[in-house]
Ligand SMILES: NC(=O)c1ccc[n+]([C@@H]2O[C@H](COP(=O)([O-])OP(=O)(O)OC[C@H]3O[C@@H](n4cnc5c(N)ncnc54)[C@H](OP(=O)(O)O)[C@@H]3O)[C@@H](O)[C@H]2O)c1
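This document opens with one chain alone, in structure tokens, the form predicted alone.
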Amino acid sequence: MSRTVRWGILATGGIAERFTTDLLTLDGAEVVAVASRTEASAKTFADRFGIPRAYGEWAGLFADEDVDVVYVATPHHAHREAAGLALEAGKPVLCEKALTLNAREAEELVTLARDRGLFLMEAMWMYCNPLVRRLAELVRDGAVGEVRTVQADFGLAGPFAADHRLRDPAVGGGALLDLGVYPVSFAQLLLGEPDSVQAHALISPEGVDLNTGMLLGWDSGASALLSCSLVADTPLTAAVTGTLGRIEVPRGFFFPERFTLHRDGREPEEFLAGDDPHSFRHEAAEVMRCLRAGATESPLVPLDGSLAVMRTLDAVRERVGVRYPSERGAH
């Protein structure tokens, strides 16, 4: 592949706007097409970002020979279909998190990508953040000793109206897939897939989780206390504690500006982010690095890790009794 990577953007919502804004700051990135379910929406998005082609249906984007990689920014319930169609058309894919509605759909996508020899990555931008990578490296290198506890939360005060996307079970609404995926992914970045999952939730009249607490356990004795909420503005902090010390991450743990390493008998060490830690550029740059190298997976966001997170999210939903309409009757 040439140095320039030509992107196609699928969907035109807020996260697609943020991603495209950051993507266009990268050298060697070009956005050549955008698709939406309506031509008007695609055209408005294309005009805003100077994108040469706008499609009012997905198929046009997948058939576009100038598109090297597709970024899927649809709501969760459409990830399986959109990413699957892109892969079937021979396009590498970066798909928003959570990767799909459930682990079964995620496994189908991963199998399809691997069978076709095509790149697929979940857009877990936190894993590509340089400071989060530094934190994980410190933990792997034993800076805090053997990990015993992880804590993380992500909550918004709302209130979200009953007809809001986040309260619509048909599109994968609820706190868990939008927000809870971050604390779960943070814990599993450090400890891997848990051996036990406990959960409790406040369920909305529509049948989605509004406020969810999770206790994950590992056979090593480690545990993670995690939460997500659509009804409470939580601290948005994270911490990992081991036998030799702890790391504390202040508000905004998934795009941190700093974190502090505390170790017995030593002065606290503060680690600072570089420029613009809030940016999506890091994950886009990782996708382009992989494509140029001919890689079909990113070592920063491995597909097996995404599958493991989806299994944990499924287990949480099973414990609290949340089932999406598309899953009813499925086995």
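Heads up: residue numbers just count along the shown sequence, starting at 1. Because the structure is predicted, anything quoted here is derived from the model rather than measured.
From this point on, the text means the form predicted in complex with the ligand, which you will not see here.
With the partner removed from view, the residue among 91, 246, 77, 167 that has a non-hydrogen atom within 4.5 Å of the ligand in the predicted complex turns out to be 77.
Out of the listed residues 292, 48, 262, 37, 37 is the one that sits within 4.5 Å of the ligand in the predicted complex by at least one heavy atom. Using a 4.5 angstroms limit between non-hydrogen atoms, residue 209 is distant from the ligand in the predicted complex.
With a 4.5 Å cutoff on heavy atoms, residue 319 does not count as touching the ligand in the predicted complex; it lies far away. Using a 4.5 angstroms limit between non-hydrogen atoms, residue 62 is distant from the ligand in the predicted complex.
In the predicted complex, the ligand sits within 4.5 Å of a heavy atom belonging to residue 73. Proximity to the ligand in the predicted complex, taken as heavy atoms within 4.5 Å, picks out 93-101 from the listed stretches 211-219, 186-194, 93-101, 135-143. Looking at 257-291, the one residue that comes within 4.5 Å of the ligand in the predicted complex, counting any heavy atom, is 280.
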